[in-house]
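Single chain ahead, written as structure tokens, the form predicted on its own.
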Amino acid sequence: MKSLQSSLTPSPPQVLPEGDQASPLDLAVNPGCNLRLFKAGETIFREGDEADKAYIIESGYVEIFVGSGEEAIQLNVLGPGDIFGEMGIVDASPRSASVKAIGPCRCMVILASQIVERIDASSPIVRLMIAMALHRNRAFNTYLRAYSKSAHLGLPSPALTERSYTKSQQYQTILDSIKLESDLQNAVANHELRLFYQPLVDLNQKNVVGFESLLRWQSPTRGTVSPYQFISLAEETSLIVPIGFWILEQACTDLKRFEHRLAQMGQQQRQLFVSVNISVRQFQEPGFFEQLMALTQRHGVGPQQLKLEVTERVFLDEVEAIATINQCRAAGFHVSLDDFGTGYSSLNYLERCEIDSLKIDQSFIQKLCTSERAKILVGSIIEIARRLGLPTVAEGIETAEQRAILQALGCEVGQGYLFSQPIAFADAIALL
């Protein structure tokens, strides 16, 4: 059998340790059991076989090789604790190498379903990396099989290294996501992110009572990037943590500038707040509450001036997040439940968790004038909130008719294009 002199792992002694011999009873194979026992020299699987399981070696050694007979090339020798046969069930491809037991060998069987379901649940980026690694390994095995027939073989041909996964739309989507994440990291470092503000208006008094801070990204290479695109990406990664604290820092800075403008107008007594969207991941970050308190104290901002907006996702068994929210409320921060009515158990969350206000999702508001059912649902939400002592905010108000209906139903505060689109800080100051 040939062996390569390059980067292949040297083989350990191809014998079992003294005394590690299987009994005749052990060598019997029970197809219904997750333990398989192989005799010395027994072939476990061959190149080209269908892959339906992998193995963990409990005792003994196995040899991994490509080719056959005198032309076979040894790739590796594995021992107790090693896993083999996983490649085929990961990418649902035929075996790319053969395996035989060097001596009596006990192996625990891993079914294909046990691995596949875990891979399917992983990140698309992780799945891509696995696909790339498997492809390169298989291409190398193919090259070795050809090498065994011709010692003068050069580098692998394009046919051997063709990457089929790069032709799929999924591959391009994953690559685009990786590139976007890299650009977003640079955006944070290069101060490309900006806060815009959308006014929150008292529907009865018709004056601005606060602003919702909304993150915007103007990339020098991509132009304006949609918040729906990059914020969801930030929430999937650790980027949301530094971005989230930058938003809080900027919101506090701008709050003091709003106060200064009101003082210039002789309206020092006018109370103004800024709403900030906080992700589940931020609430779960160790020390979030302490950092929030330190931040507001440093800027001289009262907790009641900063409203923390959360989505229903935060209540999905996120124990750490709920504990932090309770800390924030106890310290005087106002917590608002955003996008109310779009989740699966909204009323259950109201019963289980303490919050300070409800924000009615714009999908209901947009249908107020055309759907009696939508009007009934919005009226019910407002009535429930009133009975619980919670003020309501309607987002996405675009017409005077929608505003009039909401006023009649008892909604206190609204925001939307009827009043203003999200605007830069300078324009928000001018709006005051």
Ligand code: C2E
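Being a predicted model, the structure only gives us computed values, none of them experimental. In this text, residue numbers run from 1 along the sequence as written.
What follows is about the form predicted together with the named molecule, which we do not show.
A385 falls outside the set of residues with a heavy atom inside 4.5 Å of the named molecule in the predicted complex.
Contact annotation: Q282 falls within 4.5 Å of the named molecule in the predicted complex, judged by heavy atom distances.
None of the heavy atoms of A72 is located within 4.5 Å of the named molecule in the predicted complex. Although the partner is absent here, R127 sits far enough away that none of its heavy atoms falls within 4.5 Å of the named molecule in the predicted complex.
Q198 is the sole member of S357, T296, S98, Q198 with a non-hydrogen atom within 4.5 Å of the named molecule in the predicted complex.
Screening E58, D49, E42, E398 for any heavy atom within 4.5 Å of the named molecule in the predicted complex leaves a single hit, E398. Residues of just one listed stretch (321-329, 256-264, 228-236, 75-83) have heavy atoms within 4.5 Å of the named molecule in the predicted complex: 228-236.
Taking a 4.5 Å heavy atom cutoff to the named molecule in the predicted complex, none of the residues in 95-114 make contact.
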